[in-house]
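Quick heads-up: it's one chain on its own, the form predicted on its own, in structure tokens.
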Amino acid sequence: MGTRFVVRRLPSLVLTWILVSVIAFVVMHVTAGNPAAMMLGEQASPAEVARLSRVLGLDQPLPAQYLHWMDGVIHGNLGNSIYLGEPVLRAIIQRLPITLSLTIVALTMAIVVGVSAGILAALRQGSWVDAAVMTVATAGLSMPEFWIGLMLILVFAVDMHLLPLMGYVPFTANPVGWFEHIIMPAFAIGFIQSAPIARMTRSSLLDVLHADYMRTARAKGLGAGRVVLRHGLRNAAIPVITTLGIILAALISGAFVVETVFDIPGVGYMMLQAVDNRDYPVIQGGIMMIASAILVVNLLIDLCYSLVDPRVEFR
């Protein structure tokens, strides 16, 4: 059943991926200027720019350039960075573990904090605990990542000297140093994304707390914690899992900003530098990598529905 579902989903995923590639290609070529002129510098003559444009194929019509670029993307060639002077794919792969570690820690924080707060608010519906959780969740949605990051730096790095100001240490080199450098940026984006998870968990759990099977479980003498976690939360998990697909995209965009604030040399920091330097191959390659990751993760989330709730059928 799951295999047939994936096969049926593939055309829409491929179409979305192609649409993203067209938008990325057209926008970059309209706004980035002449890459040949940027590579040669301001002192280059028009003849030199024209010669390099012919070598790079930039003198061809946009559809021909797009097809040539897509042929390279399909074969794993995202082009060469104008600013870094190296293949885009290699530059992304070198920095990808940093961004992945930040995103995974932030997502873990968001899920743990958001689900816990949502359960607490649902069990204390109408109380001051419920009001406090929802107030904090609403406040979290209104706070930008860079502001939270700057406040964390001010409190824990500048005033209290508990954590390093900025930078990054690989996990393989020093696990403790890695944790000290990653905890603040991860919290800056994870706290914000825990807010929608908390709201969705509370809403979904309230819908099932008074269901017949919940009353039956309590009547059998099961403890309150077991009833909520094993029966209630599992049945309320589908909307929460659906939210994770949206949250993943928000975490990636938040990581771009946070990596700049904390001087973390990840993919987001590289892409923001590419925007400043009009390095369109890096921007295009980064967009395609991010779009591919989000599409795959959303497909995996859809497949997880039947694992959480066996009643779900792939149709």
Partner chain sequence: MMAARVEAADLEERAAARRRTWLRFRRARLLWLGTALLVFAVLAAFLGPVLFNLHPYRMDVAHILQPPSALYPMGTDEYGRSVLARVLFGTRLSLFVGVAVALITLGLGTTLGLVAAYFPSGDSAVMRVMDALMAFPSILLALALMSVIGPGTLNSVVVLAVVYLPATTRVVRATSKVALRLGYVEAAQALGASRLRVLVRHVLPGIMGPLLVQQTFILAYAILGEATLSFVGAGTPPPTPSLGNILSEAKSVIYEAGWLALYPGLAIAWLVLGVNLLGDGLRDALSVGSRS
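Small disclaimer: the values here were computed from a predicted structure and weren't measured. Positions refer to the first chain, counted from 1.
Just so you know, the form predicted in complex with its partner chain exists too; it's not on screen, but the next bit is about it.
For the candidate set 70, 52, 44, 249, a heavy atom within 4.5 Å of its partner chain in the predicted bound form is found for exactly one residue, namely 249. Using a 4.5 Å cutoff between non-hydrogen atoms, residue 153 counts as a contact of its partner chain in the predicted bound form. Residue 19 belongs to the set of residues with a heavy atom inside 4.5 Å of its partner chain in the predicted bound form.
At a distance threshold of 4.5 angstroms between non-hydrogen atoms, residue 209 is out of contact with its partner chain in the predicted bound form.
Although the partner is absent from this view, residue 170 stays clear of its partner chain in the predicted bound form, with no non-hydrogen atom inside 4.5 angstroms.
At a distance of at most 4.5 angstroms from its partner chain in the predicted bound form, none of the three residues 96, 244 and 299 contributes a non-hydrogen atom.
Residues of just one listed stretch (88 to 96, 160 to 168, 74 to 82, 103 to 111) have heavy atoms within 4.5 Å of its partner chain in the predicted bound form: 160 to 168.
Annotation for 274 to 294: interface residues with its partner chain in the predicted bound form are 275, 278, 283, 287, 290, 291, 294 [heavy atom within 4.5 Å].
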